[in-house]
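Next up is one chain by itself, shown in structure tokens, the form predicted on its own.
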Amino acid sequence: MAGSDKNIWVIANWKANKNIQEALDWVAKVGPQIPKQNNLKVVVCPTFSVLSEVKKAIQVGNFPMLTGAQDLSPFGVGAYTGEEPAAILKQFVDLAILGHSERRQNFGETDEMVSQKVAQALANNITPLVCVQGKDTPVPDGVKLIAYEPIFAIGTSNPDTPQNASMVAKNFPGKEVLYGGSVTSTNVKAFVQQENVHGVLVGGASLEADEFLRIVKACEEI
């Protein structure tokens, strides 16, 4: 990326989408076209059910991509039915999205639960990506990667302005702050060009391989 030495993160959050074959088709198309640049960090976060297959496909293809989880348990291993503990997930993932607004809204996730999940991630060498909805969202100790995702922009085709995203990011000094919320290939460059924005968390636009590649390409050119 000419003229820039900051890390640029491009993280695909598939949410509750893609079966194994669809996931593998996406990796097969996207993986070979990801540029190998040290400061371009491309991460795909699939569902738990396809995570191991996606991880394997990336390793076999030797693609410059990381894998992430969309969540993890606030508890360790043990009698916690339905939960995915960090101690087990660490064999598959490098990163975990924590405190996403959809988790907070649909599953009643609290700041305390997010803090517990961060502790589990850090204890198992998983990078926590903590989502904040504004400058007043608390961020647990030890977190270095944040995604600013305003509620009004999630899945609405109504993104925040790049300038406001950069202003919010200023409130988290010493952190790498990403922007998330209706990110597309047409608006991504305006966000990552902001001094305080270190990449994007991509939802719906990450599901289509060609569109995601256009997003990565735009970031590559910064």
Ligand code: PEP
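What you see is a predicted model; the values in this text were computed from it and never measured. Sequential numbering from 1, following the sequence displayed.
Missing here is the form predicted together with ligand PEP; even so, the following discussion is about that form.
At a distance threshold of 4.5 angstroms between non-hydrogen atoms, G155 is in contact with ligand PEP in the model of the complex. Taking non-hydrogen atoms only, Q70 never approaches ligand PEP to within 4.5 angstroms in the model of the complex.
The shortest heavy atom separation between A23 and ligand PEP in the model of the complex exceeds 4.5 Å. The closest heavy atom approach of L178 to ligand PEP in the model of the complex falls outside 4.5 Å. Comment: 146-154 is the region of 146-154, 87-95, 104-112, 119-127 lying near ligand PEP in the model of the complex, near meaning a non-hydrogen atom within 4.5 Å. Along 183-205, residues V183, L201, V202, G203, G204 each place a heavy atom within 4.5 Å of ligand PEP in the model of the complex.
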